[in-house]
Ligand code: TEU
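Given as structure tokens, the chain that follows is alone and in the form predicted on its own.
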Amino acid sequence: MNICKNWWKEAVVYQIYVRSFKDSNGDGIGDLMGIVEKLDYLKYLGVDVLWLTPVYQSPNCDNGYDISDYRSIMKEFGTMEDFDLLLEESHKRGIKIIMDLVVNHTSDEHEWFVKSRSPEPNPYWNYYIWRDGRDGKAPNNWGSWFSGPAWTYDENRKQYYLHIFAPKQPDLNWDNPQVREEVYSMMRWWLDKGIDGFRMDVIDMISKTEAFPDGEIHGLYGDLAPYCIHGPHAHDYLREMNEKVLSCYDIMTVGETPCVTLEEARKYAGYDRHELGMVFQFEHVELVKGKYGKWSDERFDVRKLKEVLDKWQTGMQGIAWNSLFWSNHDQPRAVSRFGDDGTYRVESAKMLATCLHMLQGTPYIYQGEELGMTNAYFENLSDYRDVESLNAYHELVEELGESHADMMRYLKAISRDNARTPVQWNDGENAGFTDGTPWIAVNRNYRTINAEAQIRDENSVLNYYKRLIALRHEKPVIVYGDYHMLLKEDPDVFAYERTLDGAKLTVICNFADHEVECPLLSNDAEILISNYQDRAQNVLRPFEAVVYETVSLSSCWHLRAAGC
């Protein structure tokens, strides 16, 4: 298979949710200088790229995903001088930085929206999506993804504006070329400063269907997804962005694309499409759908997970590049969702890491994942901070009649705040995250799960991640090798091969909490890495992962001939 080599294909990305990473000044909120303090830890881990969630000025309706000034730093996070120092110190250590680009919407406190609200026409009047009402009500029946209607009436302008998310997050009008040029100018400004790329928030939503028809009723409102995702000009606008900005720099780009299909992903990230480097698809983290969509505590089906992972590996192979992740700031903790955060927490955390990092694509580690951090399991609604979680609770309990007990179970399983508790640095007060009062409670298990203890433990989850990352840097087959699924019908084991120029890896991962038979186990093959200390025998143990390596003589000659 002929794949063009790129530095970002060979990299491992570490996502930092800045508010919860490390507080340097005792105000209980993570900040840029806190990241600077921990750069040597990240260098020890071996990651190549830091993805920072939004650090721009924001009133924090949605924890920074509502931006009021794209060229200023949020005061809680520090100053632009702090950012420049972080960029400089990261680059000194060979670590790149990509920024979160949030341009589907802004904050309603952004200067553009303030001027757009004017009753008198002005240059900003069409920067957002404004519509007259219909029969004294909203322009259509769409519901926001953060609960409630997707339209809010503005008394000043006497019209409704669209917000796919919270009312304080009005959607930009990308059909206006002035808006696009404003965005491109801002992107160039950051790239000229020296950043190494962008993760693009809900970038597949920037183009909306012009007619704004009613959506199919789901719950209280109509579904806007068919009219706001992969809209009529989404690919046109991204090709324009690539031509005017992205292609002018040696950078990494990844688009967050909710509801993306394989067909659409090939367009966004296709090698010959000139749009993005890769996209995030969410099919594998949306396997469970309850009566209220994501709000459920049901367990996923391993066979369905295997089917989805295989679909994206085979479907993108040779056409586009995959991004690989188990969790992020919008998803619960990986070990709680896909593994076992009790008896087999360490084993299952390592298994999940093995499964993911051996696939073809660029792997993403969400902060704390390398420690096997777990869901928060908050007991009280007052412990939650996430706008989506709180809105969903009030809508489902107060308007749709769901019980308090059931909704609290759902929040413990799926709330975004599960991933947003502070990183557990040590077993001291507040897990070493802050000398003050943390903005959200620290997980109660920090005395046993923390970075300081794991650095000292050769067999910790942290040091297992470190070995996985080092292997990726050493072995081209992990990055560029072909993928082929094995044991397709097995209900518990996900197994696959990676092959490149005579080198072969056989990856075997048991997703069950019990022993299972596996015909692929070998007493003779060389083990590249495994999450148990001794060799697997006739069965796979609970959550066991093992990777066998085979290298042919022809491969050795090829590598020598290439000067490797």
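The first residue of the shown sequence is 1; numbering continues from there. These numbers come from a predicted model, not from an experiment.
There is another form of this protein, the form predicted together with this ligand, and it is not shown here; the text below is about that form.
Colleague: Spell out, yes or no, whether the shortest heavy atom distance between residue 65 and this ligand in the model of the complex is within 4.5 Å.
Modeller: Yes, contact at 4.5 Å.
Colleague: So, residue 165 and this ligand: in the model of the complex, are they within 4.5 Å at any heavy atom pair?
Modeller: Yes - in the model of the complex, heavy atoms of residue 165 and this ligand come within 4.5 Å of each other.
Colleague: Please determine whether residue 294 contacts this ligand in the model of the complex, using a 4.5 Å cut-off between heavy atoms.
Modeller: Yes, residue 294 sits close enough to this ligand in the model of the complex that at least one of its heavy atoms falls within 4.5 Å.
Colleague: Does this ligand get within 4.5 angstroms of any non-hydrogen atom of residue 493 in the model of the complex?
Modeller: So residue 493 does not count as contacting this ligand.
Colleague: Does every residue of 169, 256 and 330 put a non-hydrogen atom within 4.5 angstroms of this ligand in the model of the complex?
Modeller: Judged in the model of the complex, 169, 256 and 330 all sit within 4.5 Å of this ligand.
Colleague: By the heavy atom within 4.5 Å rule, which residue out of 326, 142, 146, 124 makes contact with this ligand in the model of the complex?
Modeller: Filtering the options by heavy-atom distance leaves 146.
Colleague: Under a 4.5 angstroms heavy atom criterion, identify the one residue in 96, 208, 110, 420 near this ligand in the model of the complex.
Modeller: Going through each option in turn, the one that passes is 420.
Colleague: With this ligand left out here, work out from 373 to 381, 317 to 325, 193 to 201, 457 to 465 which stretch has heavy atoms within 4.5 Å of it in the model of the complex.
Modeller: Going by heavy atoms within 4.5 Å, the stretch is 193 to 201.
Colleague: Taking heavy atoms and a 4.5 Å limit, what residues of 383 to 414 are near this ligand in the model of the complex?
Modeller: Residue within 4.5 Å: 388, and no other.
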